[in-house]
Ligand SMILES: C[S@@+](CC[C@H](N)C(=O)[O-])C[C@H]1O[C@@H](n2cnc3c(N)ncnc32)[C@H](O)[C@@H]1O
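Just the one chain here, the form predicted alone, laid out as structure tokens.
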Amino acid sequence: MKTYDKFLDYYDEIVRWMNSSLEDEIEFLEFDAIKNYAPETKNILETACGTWVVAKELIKLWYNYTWLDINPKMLEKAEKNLKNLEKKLVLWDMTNFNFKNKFDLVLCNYNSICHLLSWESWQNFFKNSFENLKKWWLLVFDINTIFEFENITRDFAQFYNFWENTVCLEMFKKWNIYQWLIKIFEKQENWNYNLTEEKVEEISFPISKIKKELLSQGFEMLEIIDYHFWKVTTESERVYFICKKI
């Protein structure tokens, strides 16, 4: 059972269907995070960047952009999609990266941090982000909360149709790990279907624990935001952390 192999063919479309519009995402990052707290931002590092979606839009706004991902297939797709835009793609682990030139903003979007399956890995990501930021500049990342993952495990399977092919997503919980079981049905000749199964694992931690760790590593907490309703509650599903290196 592989991860993000065949599913990568459908990844961008499903991410868009599962989240708010790309325009809303970029508006939030541009105005509520960057312009609000660090309007002089020029150099951005996006970790676990995926296939380019956020990067492409922010590059259009004249930011200098570098992005890294541990999955070479993700970077291959990103490079094809970016076409003639300047590319600074780096194959690197988001828990162990070090750039000579430091950044104004380290960004981790679409709950990508949740793919780090141990608390130690989260701590390492915060540490690396701190070390690769200029002083007084920003770390911005979002999580799916435990509440959100618990809700998804109680939902029915999600089906996404691509002409004659179908992708089915289900989430199961094993201890404190949430596992996406991905089933991809692709039409073959004579109306037979080929089934491919892949698994993607995620984890989350209490907001209070994350905040405490960020403060202990030298960040100032500027804002914790419920992406959908702004005020964070026990029923928040997607939460952004906006922090400043001090």
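C-alpha atoms forming the largest set that superposes within 1.5 Å between two forms make up the rigid core. Source: prediction; values computed, not measured. Residue indices: 1-based, along the sequence shown.
One more form of this protein exists, namely the form predicted in complex with the named molecule; it is left out here, but the text below deals with it.
- Note on the partner interface in the model of the complex: the residue among Ile143, Met74, Leu139, Val167 having a heavy atom within 4.5 angstroms of the named molecule is Met74.
- With the partner omitted from this view, the residue of Leu214, Ile184, Ile203, Ala48 that lies near the named molecule in the model of the complex is Ala48 [heavy atom within 4.5 Å].
- Between 205-213, 187-195, 30-38, 52-60, the stretch whose residues reach within 4.5 angstroms of the named molecule in the model of the complex through a non-hydrogen atom is 52-60.
- Judged against the named molecule in the model of the complex with a 4.5 angstroms heavy atom cut-off, the residues Leu105, Asn128 and Lys135 are out of contact without exception.
- Within this chain, Leu116 lines the site of the named molecule in the model of the complex, having a heavy atom no more than 4.5 Å away.
- The named molecule in the model of the complex comes within 4.5 Å of a heavy atom belonging to Leu68.
- Proximity of Phe162 to the named molecule in the model of the complex falls outside the 4.5 Å heavy atom cutoff.
- Residue contact check for Phe99: none of its heavy atoms lie within 4.5 Å of the named molecule in the model of the complex.
- Interface residues of 130-158, taken as those with a heavy atom within 4.5 Å of the named molecule in the model of the complex (partner not displayed), are absent.
- Core-superposed comparison between the shown form and the other one: CA of Thr233 displaced by less than 2 Å.
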